[in-house]
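A single chain comes next, written as structure tokens; it is the form predicted alone.
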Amino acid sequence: MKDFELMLAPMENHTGPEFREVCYRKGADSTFTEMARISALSRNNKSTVEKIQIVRSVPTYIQLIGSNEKELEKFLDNFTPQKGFVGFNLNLGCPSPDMIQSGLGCALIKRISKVTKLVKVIQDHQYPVSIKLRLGMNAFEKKKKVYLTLIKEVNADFFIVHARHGKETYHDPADFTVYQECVNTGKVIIANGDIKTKDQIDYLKSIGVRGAMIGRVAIKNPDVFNELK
């Protein structure tokens, strides 16, 4: 990882191989696939396997969503990295009611032992693993700082902190005040949410954040990565 890395966020129906390549050519240091269900990958589901294909050696993290270690083990036992693959990312940020009802996405943030087991399965297969999370499933979990507990107790390569809780929408401002305490854990922190200006990047660098993940702004303006550099 670079001293400060600019990442293209995973976004459903937007961040396919072509768009990832466009953003990489325009300054994104790394990109992420759309989230792929571990359960479907373990069954070798064709459309899900297509989601994690990497083309033209673009640096890409494969984002996974799921909670079953045996399914994860089965998938990884048969996984062969393509050129451009740089690691796996676990989705602990999806706020979709369907996902939460299934115990996935935001619902996993407070389940430290479960997340630890998933991380260990990936590490046992000798692959890098990171976590993308929100500040909790709701305002109560944010207040209890469940996100901070997870960052402190789980041994992942880096943590992408989307600075909203699961009940907040993109109309609610991201809470930049949480980043300092996340950095203070000593873990590698990447900021995510409402990042679009050079001043924001300078602030994040000044407090020790190691990168920024850009999403919706990049769809409208893929040049944003070079502009922020």
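Note that residue numbering follows the sequence shown and begins at 1. Note that the structure is a prediction, hence the values are computed from the model and not measured.
The same protein also exists as the form predicted together with a small molecule; that form is not shown, yet it is the one meant from here on.
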* **Triple contact flag M1, S130 and R210 to the small molecule in the predicted complex, non-hydrogen atom at 4.5 angstroms** => no
* **Interface segment, criterion being heavy atoms within 4.5 Å of the small molecule in the predicted complex, picked from 23-31, 198-206, 162-170, 42-50** => 162-170
* To do: Report yes if any heavy atom of E12 sits within 4.5 Å of a heavy atom of the small molecule in the predicted complex; otherwise report no.
  => yes
* in the predicted complex, does M35 have a heavy atom within 4.5 Å of the small molecule? -> yes
* Asked: At the 4.5 Å heavy atom threshold, is N192 in contact with the small molecule in the predicted complex?
  -> yes
* To do: Spell out, yes or no, whether the shortest heavy atom distance between Q63 and the small molecule in the predicted complex is within 4.5 Å.
  => yes
